[in-house]
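The form predicted on its own is given below as one chain in structure tokens.
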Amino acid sequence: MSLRPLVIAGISIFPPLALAPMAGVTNALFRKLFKPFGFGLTVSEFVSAQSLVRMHKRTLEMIDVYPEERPTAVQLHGNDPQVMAQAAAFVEECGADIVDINFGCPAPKIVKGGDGAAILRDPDLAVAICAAVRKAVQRVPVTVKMRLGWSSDNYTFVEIAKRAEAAGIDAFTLHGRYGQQFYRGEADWSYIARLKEAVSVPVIGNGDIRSADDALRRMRETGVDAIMVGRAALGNPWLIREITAVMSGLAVPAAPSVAERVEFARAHLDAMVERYGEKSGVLQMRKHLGWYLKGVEGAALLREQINHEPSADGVRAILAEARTRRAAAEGRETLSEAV
């Protein structure tokens, strides 16, 4: 099955596959490393509009974009239309290819401030934010990522999307859960199909894509223009390689060996240490290494060792040992089969 590109206000994106924004994960370096596996569109961590207009150093770093990862959307969260507009204009000037508005994050610290999925309780506010941002952004598309609504008794996504489209929004990403649901249960893609029927701009579907088969099945069932993948890609960029292959009409490549997974994890560590320094790079990599080692023999012990190792060289040595042990085990298995 070969698919058409996703086209958002003249930007052609192929494959029609997007990286979901994830706090503390999808920084510029992560996006640069994962882009070659096949993402057509990358999306930043969600950035506080309030912090951005105040020029906080850490927040300014969050809107960095590498040339190699383009096209890239920078996602903003906030609940003041004018502050969101000011931040969006600044993001456009800094080189974002797309400005994305966050109406989807269910994290307590975001929702407590009235941002993210909490805004779905107030369609008028949501539309006011969309209109203000669209007016402020002159040259690039403006998109919205949202959930079905705040609660199961108040799904507001169709109303908001229709009114936001009228205000000039160029595309929507819909996660098939409501805000209070967080990540419990299963994403309901029947609602994503309903949004696709309700608006004329592109719709990207999001939620529980764990395989290439999932991606193609959901596209066929709903008619969405693209798929967004998030948690399933953590520690597993090879999933993206598989989805990209089937979207391009190619055979699914072989699953990565343990050696390949460990080598990529080491390269990720090296890049993090180079960009953030040894102390911060090693600390930030602990969660990533846990994801890369998922399913590897002895993973629990390896994670424990890594989580107590403060030096980059020490972590590299642990990874090297894991790779050596696995190679020896594979050699024993091959010998056993031969006998």
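Counting begins at 1, following the sequence as shown. Model, not experiment: these values are computed from the prediction.
What follows is about the form predicted together with a small molecule, which we do not show.
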Original post:
Can you check whether P71 is within 4.5 Å of the small molecule in the predicted complex, heavy atom basis?
Top reply: no
Original post:
Does any heavy atom of A118 come within 4.5 Å of a heavy atom of the small molecule in the predicted complex?
Top reply: no
**OP:** Would you please decide whether M22 lies within 4.5 angstroms of the small molecule in the predicted complex, comparing each non-hydrogen atom pair?
**Re:** yes
Original post:
Taking heavy atoms and a 4.5 Å cut-off, does Y183 contact the small molecule in the predicted complex?
Top reply: yes
**OP:** Just one of 274-282, 39-47, 305-313, 53-61 has residues with a heavy atom within 4.5 Å of the small molecule in the predicted complex, so point it out.
**Re:** 39-47
Original post:
Looking at the small molecule in the predicted complex, is some heavy atom of each of H175, D208 and V229 within 4.5 Å of it?
Top reply: yes
